[in-house]
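One chain is shown next in structure tokens, namely the form predicted alone.
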């Protein structure tokens, strides 16, 4: 079918802040004497901040209280937000601006569906703060991916049925979330190799072959 709504994940699809996340978590882990490397960091893709912290603390030598966890998560986020001030439009992933422009020409509604609570800041930094018909992020939802809540809420805000929506995702958890939402999903980056994805993209702009007119 030809889709009339496209819901983009943010990190890894629109822009990549993976390195900022990694370096921020690395500082926290090093301070706590916890082993943390890029292999562990790969497990954090597409999950919430507190879930990411839980994965990191699997390597901890002691138990952390709920209050200690909140402090660690808040400290990491402060480090990450400080790093995000370095983001510019030049950090947009290849083909994003052209793809968004063409989708608008075709009267395709576009949205962001992200678990990040820093979505507004990221979009502002890269010059896309006012480009989307709906933005749903970690501040709007109770359950992060692979729960379908973020995508279902994005569709609802645009008055669209799930079957009208195509989700663009780079994380396996996002692919699962889209499927659970009853939506088709185009995998890009790492998710392009996910056998459950409806489409495998070499580039985000490849979605133009099957949306709109």
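Numbering follows the first chain given and starts at 1. Computed from a predicted structure; not experimentally measured.
This protein has a second form, the form predicted in complex with a small molecule, left out of what is shown; the following refers to that one.
Next item on the list: Mark residue 47 yes when one of its heavy atoms lies within 4.5 Å of a heavy atom of the small molecule in the predicted bound form, and no otherwise.
Entry: Residue 47: yes, in contact with the small molecule in the predicted bound form.
Item checked: residue 109, heavy atom within 4.5 angstroms of the small molecule in the predicted bound form -> Because no heavy atom of residue 109 falls inside 4.5 Å of the small molecule in the predicted bound form, the answer is no.
Item checked: Heavy atom of residue 104 within 4.5 Å of the small molecule in the predicted bound form -> Result no; residue 104 lies far from the small molecule in the predicted bound form.
Notebook entry, point to check: Does any heavy atom of residue 77 come within 4.5 Å of a heavy atom of the small molecule in the predicted bound form?
Noted result: Yes, residue 77 sits close enough to the small molecule in the predicted bound form that at least one of its heavy atoms falls within 4.5 Å.
Notebook entry, point to check: Which of 47-55, 60-68, 179-187, 147-155 has heavy atoms within 4.5 Å of the small molecule in the predicted bound form?
Noted result: Looking at the partner contacts, the answer comes out as 47-55.
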